[in-house]
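Next up: the same protein chain in two forms, each one alone, written as structure tokens (structure 1, then structure 2).
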Structure 1
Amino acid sequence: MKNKFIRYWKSILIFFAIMGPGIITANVDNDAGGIATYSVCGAHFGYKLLWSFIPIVIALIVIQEMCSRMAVVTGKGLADLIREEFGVKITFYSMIILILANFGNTMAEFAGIAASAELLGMNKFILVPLCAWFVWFLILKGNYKSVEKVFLAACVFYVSYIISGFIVTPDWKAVGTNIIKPSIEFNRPYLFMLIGVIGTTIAPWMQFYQQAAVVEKEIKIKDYAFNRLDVIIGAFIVNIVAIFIIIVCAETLYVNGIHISTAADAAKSLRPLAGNYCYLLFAIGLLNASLFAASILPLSTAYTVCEGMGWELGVNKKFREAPQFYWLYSVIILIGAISVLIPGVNFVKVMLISQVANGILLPFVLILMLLLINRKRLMGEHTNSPIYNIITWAVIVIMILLSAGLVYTSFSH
């Protein structure tokens, strides 16, 4: 009995030591663009799209688990493996599209910081530079362990959206019914929103960042079960938060026929309908999410490009040891922050271009991942099982169709 108790607590301690990459990567996906997408979804469609989060959770777990498994078994990042196995040309074009998408996404995150400054009665010309300096200093002066602790702490603040969900006292029976019973409509607004909800939850940068983070954390194969649990928990948390954002907007904006286009619009509209507490929780949640993503997206880009080019990289290295890594990280943050302070920049178009880039790159990345993970020379006994391959190919086909739909509707809108 005593030995069983010791093993139990030992397992818990090991999990907390390994926990991080899966939870952090998943939660960053609830960034300014994600919050805006879920807010618009709740305001325009009520609970109609809640059913989509069941297949989204499954897809997210499958895709991110493959990344973690490749990282643990090979000890290499995804861009590194693509370059070694498929050549420099494919890697180069992948990096170009990813940089384009991540530049746009990072600009959108700083736009989210600027919007939250307005909501909280702060000056964006003070808050944006302060936030840019903070995320730059955090990575430049920290190491992986200290940076990960800050990121995990940021994940806790997403509870603000869950609290907001309880404040508006939703019809829980209707929520449960719409989660388990699909309500599908075949019209352009509904399909466009469905593509947006799925597309904002699974983005190409996530695969590159998570695999790089697992490699830098040096997780061993004997502890992989705990890493898989980290991925599963992250997938559930990010989708639970998304569901609560939709619930808040459905119970307040949808029932009153109020249409919005941004997360800031949602917060402003909540104030007269749900009170100051809900308004402040939404505004604080937007600031936290934008700041969190403004740290991760440039970091993901730096990891990926340096892996693809074979340059030194990693938060544990000093500037002089990995200059390209830190310069790229710094330049992306600088451009993202400055762009928000320039009047007249159309961030809706910037986000649209980045979403199109994501839509083009995602199916390509997923196919390369599936080819890599089934190579016995790389993975040994840890290749996909036949059932797992069937599920993964199904996810890829669906994502290709949805991404193609996103590109088509984006340009034809």
Structure 2
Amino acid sequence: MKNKFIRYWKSILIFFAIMGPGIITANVDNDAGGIATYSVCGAHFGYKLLWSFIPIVIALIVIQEMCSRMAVVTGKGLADLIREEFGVKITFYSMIILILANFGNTMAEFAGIAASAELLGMNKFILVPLCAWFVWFLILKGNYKSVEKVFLAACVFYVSYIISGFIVTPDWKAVGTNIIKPSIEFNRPYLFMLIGVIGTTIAPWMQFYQQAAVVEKEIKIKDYAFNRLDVIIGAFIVNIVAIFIIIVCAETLYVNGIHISTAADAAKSLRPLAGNYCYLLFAIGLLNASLFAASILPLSTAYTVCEGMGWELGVNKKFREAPQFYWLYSVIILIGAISVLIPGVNFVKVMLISQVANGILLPFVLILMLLLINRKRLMGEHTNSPIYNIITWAVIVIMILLSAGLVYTSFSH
């Protein structure tokens, strides 16, 4: 009895030591782009896209699990593996894809910061540069690890959507049916939204980031089961929050025919919970989500690209030792911040389009991952099972078809 108890505690302790990469990735996943995409999805389409979340959860778990497994078995990052197995050309072009996607994502984070500045009645020309400087400085000179906990704690903001979800008393039966029963349309707005929802939930940067985080933790194969649990919990967190954002926006905005064109529209969805404070609540939540992701994305991009290209990297190196690393990191932040300050930029649109770009670029990363994880020389007995391969190929084919459909519907009228 006592032994059983000790063993039980021991496994809980191991889990807490290993926990992290999956759950942190998941919370960064709910960034400015994510909040905007899910809000627009709920406000413009009601429950029509809820069905996509069951396949998304499955795909997200499968894909992120593959990254963790590669990290544990090979001890290498995804960009390292791509370079070592596929050579310079494929590495170069996939790094360009990643840089483009993450430029978009970083812009979305600064758009989130600019939007919250407007909601808080602050001048975006002050808040955006301030946040850009904060992010830049935090990573290079400060202690990111200690701030990460603050960011994570502030993610309780998402709980306000879950509470609101119960306050607005939705028709749970309708929610249930819409989650199970797909309602597919073939028109441009619908396809655009669907790609955006998938792209924001399963973003290409997540695979690189998650694999790097697991490598850094040096998790051993014998403890791998805990790591898998971490991935599964993370995937559920993202998607439950996403579903509640959609429900709340559907019940408050969609039924009243309110379209989201600014962040203030999206904030109104929290009115049943916070009354007139909804703007403040939304602004603070959005600011935290944006800052959290903005601290991770440029750094993760710089790490990944330098890793693949074979350049010196790391914040413990001097500028002279790792110039490419610092340039890349700084330029991504700088351009991301400056571009949202251009007059007339619609922040919600920036956030949305960047997520659609994620969705379109996703299959390229997935194909490389599949080729890598099925190499016996790298993975030994830990290559993919057929069911994993089928699911991932399905995601690849579906994303390519959806993107083709989007292009087709954009030109056909």
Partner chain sequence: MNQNGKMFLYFSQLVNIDVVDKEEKHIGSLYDVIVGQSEIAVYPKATHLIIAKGLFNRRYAVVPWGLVKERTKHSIEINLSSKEVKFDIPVNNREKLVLKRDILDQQVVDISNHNVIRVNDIHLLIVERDLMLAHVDIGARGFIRRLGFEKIVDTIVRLFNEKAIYLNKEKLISWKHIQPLSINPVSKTIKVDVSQRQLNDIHPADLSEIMLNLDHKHRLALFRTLDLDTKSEIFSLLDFPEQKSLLDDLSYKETLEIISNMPSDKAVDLLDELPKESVNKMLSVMETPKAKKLSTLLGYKSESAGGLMTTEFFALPQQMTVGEALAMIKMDDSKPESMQYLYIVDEKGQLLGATNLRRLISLDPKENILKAKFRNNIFIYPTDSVKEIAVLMEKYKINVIPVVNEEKILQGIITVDDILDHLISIAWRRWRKKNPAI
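Counting starts at 1 and follows the sequence of structure 1. Keep in mind the model is a prediction, meaning the values are calculated, not measured. For clarity, a rigid core is taken as the largest C-alpha set superposing within 1.5 Å between two forms.
- By the stated condition, namely the form predicted in complex with its partner chain, the second structure is the one that fits.
- Core-aligned CA deviation for G336 between structures 1 and 2: 2 Å or greater.
- V73: CA moves less than 2 Å between structures 1 and 2 after rigid-core fitting.
- Remark: with the core as the superposition reference, the CA shift of F208 between structures 1 and 2 stays below 2 Å.
- If you overlay the core, the Cα of Y158 moves by 2.7 Å between structures 1 and 2.
- On the core-superposed pair, the CA position of K318 changes by 8.4 Å between structures 1 and 2.
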